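Single chain ahead, written as structure tokens, the form predicted alone.
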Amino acid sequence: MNQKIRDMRDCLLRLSAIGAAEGGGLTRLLYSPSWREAQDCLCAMFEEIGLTANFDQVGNLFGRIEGREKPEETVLTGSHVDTVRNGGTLDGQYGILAGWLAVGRLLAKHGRPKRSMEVVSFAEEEGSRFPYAFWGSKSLVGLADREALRQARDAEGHLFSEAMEQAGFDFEAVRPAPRKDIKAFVEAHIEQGGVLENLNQQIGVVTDIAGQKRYTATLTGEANHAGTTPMSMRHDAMEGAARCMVTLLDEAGKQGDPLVLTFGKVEVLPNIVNVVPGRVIFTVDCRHTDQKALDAFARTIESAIGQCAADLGLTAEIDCWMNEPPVPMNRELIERITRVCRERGLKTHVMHSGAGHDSQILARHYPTAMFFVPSIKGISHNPAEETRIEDLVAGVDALEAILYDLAYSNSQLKSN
């Protein structure tokens, strides 16, 4: 086993022991004891390689080395430390550990950089404990909405503010303000999909993070006896929902990539075997990397639901409760990452991301780039989440190369 593989395996085992369940899986929810333990572990790891570690007001952890020529310009890398419930060992924390390994190598080989470098362990991204996502990265850019969380509770009834205090942070002291010193952010992440594995590629350089629209649709008809109500006399809400889904899935198939459409949750009322359903509530998740295409398909969704309802004498209510625009990554950084990866013989594919990440928050404020390493069978948010150790190491190699290019060279990066 070579040293790079040994280092990657050792640090992954070290951090993954925190929040691990006996039967497999990893759970580190925001401000929980396991979350705090993981942040404290990373704090010690940052200091082990000569970084100065500190927490901000919300619990984001930074490991920093001051630049010797331009300390006021910071190159940032990292990802989030929280997990979904019973998740895997790579989502989020791989990006932090890759940053730790890459920065450690650079300091050992080249000493202090010209520009400052930081590794960040974002406090939260998943929204798994409280009804708010990207609390960590939104705080970094000054967008975190404290008031939206003042009365927020988790599934056990704990207030957000109380959980934050128990973890050692003061909710009332939070005054998010954007950092002005960040000149670039690079996030390494597992793909959470099967594209790179299928193409036999090691690195996926992300061009855009897809925009998302999410709906809750309610179709209301008339509940009635399943045996005595003729088909021609029914106002069957389930039939309406089924027609909507088939129509829209067919249309999404015609549109093709990168459009994706999902009906993830369905509630049928009264949900009894011998009653014609009188109401069906279902969700719609639609994603695309192009805003115009996303908006156009949203109109198709709304029209199809309305038409299917009208055809069957149903009423339709449609609530669009998420409307996140696509977020492009910095074009210059995309080119730099692609170039340095290919110079080092890494098999590189340019692609978009269908999932949301911290990078989509930072990209609106700083030059931002993201790249993926393959996920075995595309599995994520699952104890079976896994990536070949050689691909994890290749991701560290790629990150080391781009951080050297950004922090040690004289080249200037244009702003977004």
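Residue numbers run from 1 along the displayed sequence. Note that the coordinates shown come from a computational prediction; the quantities given were computed from them, not determined experimentally.
The following text describes the form predicted together with another copy of the chain, which does not appear among the structures shown.
S.K.: Please state whether all three residues V246, V266 and V273 have a non-hydrogen atom within 4.5 angstroms of another copy of the chain in the predicted bound form.
M.R.: Yes, all three are in contact.
S.K.: Using a 4.5 angstroms cut-off on non-hydrogen atoms, would K292 count as touching another copy of the chain in the predicted bound form?
M.R.: K292: no, not in contact with another copy of the chain in the predicted bound form.
S.K.: I'd like to know whether P326 contacts another copy of the chain in the predicted bound form, with contact meaning heavy atoms within 4.5 angstroms.
M.R.: P326: no, not in contact with another copy of the chain in the predicted bound form.
S.K.: So, D154 and another copy of the chain: in the predicted bound form, are they within 4.5 Å at any heavy atom pair?
M.R.: Although another copy of the chain is absent here, D154 would stay clear of it in the predicted bound form, with no heavy atoms inside 4.5 Å.
S.K.: Verify the contact flag for G67: yes if a non-hydrogen atom of it lies within 4.5 Å of a non-hydrogen atom of another copy of the chain in the predicted bound form, no if not.
M.R.: Taking the distances in the predicted bound form, the answer for G67 is no, it never comes within 4.5 Å of another copy of the chain.
S.K.: Within 4.5 angstroms, counting heavy atoms, which one of the listed stretches 235 to 243, 331 to 339, 106 to 114, 166 to 174 is next to another copy of the chain in the predicted bound form?
M.R.: It is 235 to 243 that comes within 4.5 Å of the partner.
S.K.: Of T300, S161, T229, T220, which residue is found within 4.5 angstroms of another copy of the chain in the predicted bound form when only non-hydrogen atoms are counted?
M.R.: Of the candidates T300, S161, T229, T220, T229 is the one lying within 4.5 Å of another copy of the chain in the predicted bound form.
S.K.: Just to be sure I understand the contacts: of D181, D319, D145, D250, which is the one whose heavy atoms reach within 4.5 angstroms of another copy of the chain in the predicted bound form?
M.R.: That would be D250.
S.K.: Enumerate the residues of 335 to 363 that have a non-hydrogen atom within 4.5 Å of another copy of the chain in the predicted bound form, in sequence order, or give none.
M.R.: Counting only heavy atoms within 4.5 Å of another copy of the chain in the predicted bound form, the contacting residues of 335 to 363 are G354, A355.
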